[in-house]
Ligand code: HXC
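Below, in structure tokens: the form predicted alone, a single chain.
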Amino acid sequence: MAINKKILELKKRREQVLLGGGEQAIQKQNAMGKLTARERIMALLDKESFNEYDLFVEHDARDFDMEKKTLHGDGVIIGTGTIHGKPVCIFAQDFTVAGGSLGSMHARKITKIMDHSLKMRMPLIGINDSGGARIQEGVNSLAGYGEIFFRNTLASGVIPQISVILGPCAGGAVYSPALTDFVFVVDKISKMFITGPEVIKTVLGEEISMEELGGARVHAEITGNAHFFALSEDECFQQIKKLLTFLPWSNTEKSIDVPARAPKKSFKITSIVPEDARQPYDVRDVVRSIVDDSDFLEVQELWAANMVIGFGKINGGTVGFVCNQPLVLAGVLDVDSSDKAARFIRFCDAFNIPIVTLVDLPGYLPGVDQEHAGVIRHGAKILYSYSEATVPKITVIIRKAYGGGYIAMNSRHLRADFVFAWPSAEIAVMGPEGAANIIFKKEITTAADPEKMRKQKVEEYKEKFANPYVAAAKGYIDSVIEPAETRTMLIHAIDVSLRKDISMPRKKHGIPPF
């Protein structure tokens, strides 16, 4: 009888806590087009797989009459569940409880599940929806953020860390997502910024909305802080599930191998790239003509679009792709595209994912703006990342590979394991037109018909240097291949490279050009 009474008490307590901030607060959350924290967890995880911890934790603040307030779960839900049948750790801030504000116990719950994910070697998913630090708790809130940031850093490169922004994420709170591997945002719902519109108005006298300052599109298209953009929460959850099909659960595991499937016949690699080197094409179609079932998951699709990065499967195993995009700025390297590629390369290397690089670029983007923005430092990041990476690294040069761009895009000189080139490849210090103007300047200017002479010298330069055979003769290219042979060559090259054993100089760590 006594036991039954205790069970009834437990059920009553559970019911109270499960209501979060109460029915009215939940209705307000739903009216904004947002799911509640618990609804989000249930929508993302496998059905009936969620196990919640620290359900009855309460805040321990005593100032500003906080001792009189009950904050169920202290505004955050933590636990474990499964996605695709495999365990993950998860937390979701509950905006219906004190605006999801972070206090010391709130932070302690998050750091507890973070510690668990690192110890158990499984992915961590954090759903952010918070007004920021709990002002009533002062420095304790700031200390809580610091503890979270420290754990993000410890877990980096050990387990995949995924941040989902489904509401406001302001002030110091933004740095935790920035330290994680992938950030997901949803249009009209996600908001990320260091200083809010009110502060900007007070300090600078400028009026700006939260959407304009740090909405989902801003971070997906302009800042590059977001990796995936969705139009709804449900679409966002599907994106997360899709991403996890390509990732290993930790740096000591492999991603899940699946049965190999041929690319779809609608993507014909032999007809994608135009014969005229001045004509653009979509490099993503080349990727889809190579990967299993033509299934390619692009990362940071809307930012620095002159570089394409993402995941696919080749012969059943996950591969990371780094590709110049001729459709945008002719695929040049610049400040943002270098950052985009470098970070992705380091992620793939940390989690033992082979890297395939598809090259077609005229070099680095020239201009005063790029020089002043630090293109030298940013461009060095991609050099550093490729040189540091020890996973299988295979390069295919499709068309142009000029100047520093040739070196940077995983050349033999940065220790690519295999470098292949299509017959259409052009490898040179610069483009034929520019090179001819410099090398044959005297002949052109003194000719009876300078324009005719210039065209003649351009063709002469093309014949001699704008082809893959000069580099192949030096051993910088392993093989000149037909486009139709690309997938077969990649399958073999990856299989061979997985067996390599590389010894790097002993050191605490390198110093990338951050």
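Since the structure is predicted, the reported quantities are computational estimates derived from the model, not experimental observations. Start at 1 and count along the sequence shown; that's the residue number.
One more form of this protein exists, namely the form predicted together with hexanoyl-coenzyme A; it is left out here, but the text below deals with it.
**Asked** Would Gly363, Arg399 and Tyr402 all count as contacting hexanoyl-coenzyme A in the model of the complex, using a 4.5 Å heavy atom cut-off?
**Response** Judged in the model of the complex, none of Gly363, Arg399 and Tyr402 sits within 4.5 Å of hexanoyl-coenzyme A.
**Asked** Want to guess which of 381-389, 167-175, 433-441, 300-308 is within 4.5 Å of hexanoyl-coenzyme A in the model of the complex, heavy atoms only?
**Response** Selected range: 167-175.
**Prompt:** Contact between Ala98 and hexanoyl-coenzyme A in the model of the complex at 4.5 Å, heavy atoms?
**Reply:** Ala98: yes, in contact with hexanoyl-coenzyme A in the model of the complex.
**Request:** Report yes if any heavy atom of Val419 sits within 4.5 Å of a heavy atom of hexanoyl-coenzyme A in the model of the complex; otherwise report no.
**Result:** Looking in the model of the complex, residue contacts with hexanoyl-coenzyme A do not include Val419, since no heavy atom lies within 4.5 Å.
**Message:** Leu142 versus hexanoyl-coenzyme A, in the model of the complex: is there a non-hydrogen atom within 4.5 Å?
**Reply:** Taking the distances in the model of the complex, the answer for Leu142 is yes, it comes within 4.5 Å of hexanoyl-coenzyme A.
**Asked** Contact between Gln136 and hexanoyl-coenzyme A in the model of the complex at 4.5 Å, heavy atoms?
**Response** Gln136: yes, in contact with hexanoyl-coenzyme A in the model of the complex.
**Message:** Within 4.5 Å, heavy atoms only, which of Gly131, Gly79, Pro263, Gly157 is in contact with hexanoyl-coenzyme A in the model of the complex?
**Reply:** Flagged contact: Gly131.
**Request:** Counting non-hydrogen atoms within 4.5 angstroms of hexanoyl-coenzyme A in the model of the complex, say which of Leu243, Met210, Val218, Leu179 makes the cut.
**Result:** After the contact test, the surviving option is Met210.
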